[in-house]
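Presented below, as structure tokens, is a lone chain in the form predicted alone.
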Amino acid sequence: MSWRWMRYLLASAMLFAAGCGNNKPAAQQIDGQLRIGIAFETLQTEYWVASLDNLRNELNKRNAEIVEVVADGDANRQLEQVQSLITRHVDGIVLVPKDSRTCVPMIRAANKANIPIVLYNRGAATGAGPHVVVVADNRSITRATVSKMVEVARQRGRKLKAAILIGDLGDINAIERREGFDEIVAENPDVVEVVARIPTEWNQEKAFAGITNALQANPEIEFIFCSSDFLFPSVISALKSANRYLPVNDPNHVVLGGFDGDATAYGMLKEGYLDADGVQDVQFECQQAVDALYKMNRGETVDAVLPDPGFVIHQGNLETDAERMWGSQVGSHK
């Protein structure tokens, strides 16, 4: 069923209900104001906080009524929250789900109520039902980031031992980042040899223990890709403990790369410790999410996937591109 047809059915139902005591204020539709629900699974990282702030800004520009809920990592609670948004007759939902599976009943509930739903930064499993996804092109951004790291590593004139910190593989973003890393490594066997694959499940304690053990087992590691900047504090701590956290101009520097574009990564770049970082364009993603909801409410066709191409920031373009990095705008770095 197309969104145009769904919105037609919804409009017809509302006209019928208007004469039957419908409790949704008619003025809300007359003056063009929409009530939009924002449902975040967590606000654990700077990325999610920055995303929420940008979504608010985009909706405030349109004089929208905003209803916010946060599930604190509980998928069952998030389903209840989405159902609550539906009973409050929101005109659209921006959903940040825990993973591709838990959001399926939420999408189906919104579809049943003929409410447009946009998934922000994480996609849904196949067969979930009509929805729009605004998501970073994780694989391409990772490929570009690791390619820059390889370019730096190649200057050493020898093969470097490498490690990757892998995210929660229940998250499609983590899978695509891992695959992007693996593809570039496979294309450059003369430069990089992976000796440690560290599962983190997006958990700082697991990340710290994993990278610490990897450095002890393979003290020659000189190349580390971190699948989320959120985990950089663990990487930094482990490298400092091993006396390996050194600036890019030091001959014993460990080539470092990450993904997200947060304030920690910005600080590491500015201080000369980080080689490259794949940046998600938060403002672009939030604009796309809000635009999609408004278009669907007008009955316009919207692509099922709205990709964020992102970009790579590194020591060579930091001076010119720093302002594009959302982490440079998030207060002081750590």
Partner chain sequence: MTRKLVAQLPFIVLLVVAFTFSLLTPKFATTANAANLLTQASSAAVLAGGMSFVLLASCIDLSVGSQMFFAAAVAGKLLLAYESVPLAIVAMPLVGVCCGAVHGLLVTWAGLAPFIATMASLFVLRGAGLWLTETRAMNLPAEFTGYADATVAGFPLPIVIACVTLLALTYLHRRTAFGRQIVAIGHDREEAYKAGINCSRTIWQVYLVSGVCCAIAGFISLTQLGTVSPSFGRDREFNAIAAAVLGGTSLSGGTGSILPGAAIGAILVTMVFNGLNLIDANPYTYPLITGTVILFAILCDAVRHRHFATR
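Note that the structure is a prediction, hence the values are computed from the model and not measured. Between two forms, the rigid core is defined as the largest C-alpha subset superposing within 1.5 Å. Residue numbers count along the first chain shown, from 1.
Keep in mind the form predicted together with the partner chain is missing from the figure; the text below concerns it.
Q: So, in the predicted complex, is R156 in contact with the partner chain at a 4.5 angstroms heavy atom limit?
A: Residue-level check for R156: no, no contact with the partner chain.
Q: Is T212 a contact residue for the partner chain in the predicted complex, using a 4.5 Å heavy atom cut-off?
A: Because a heavy atom of T212 falls inside 4.5 Å of the partner chain in the predicted complex, the answer is yes.
Q: How about V70 - does it come within 4.5 Å of the partner chain in the predicted complex, if we only consider non-hydrogen atoms?
A: Judged by the heavy-atom cut-off of 4.5 Å, V70 is in contact with the partner chain in the predicted complex.
Q: Would F208 count as touching the partner chain in the predicted complex under a 4.5 Å heavy atom rule?
A: Output for F208 is yes: heavy atoms within 4.5 Å of the partner chain.
Q: Considering the partner chain in the predicted complex, find the one stretch among 146-154, 212-220, 250-258, 181-189 with heavy atoms no farther than 4.5 Å from it.
A: Stretch 212-220 is the one.
Q: So which bits of 192-210 sit within 4.5 Å of the partner chain in the predicted complex, heavy atoms only?
A: Read in sequence order, the residues that approach the partner chain (within 4.5 Å, in the predicted complex) are P199, E201, N203, Q204, E205, F208.
Q: Taking the rigid core as the frame, does E68 move its C-alpha by 2 Å or more between this form and the one not shown?
A: Moves: yes, 2 Å or greater.
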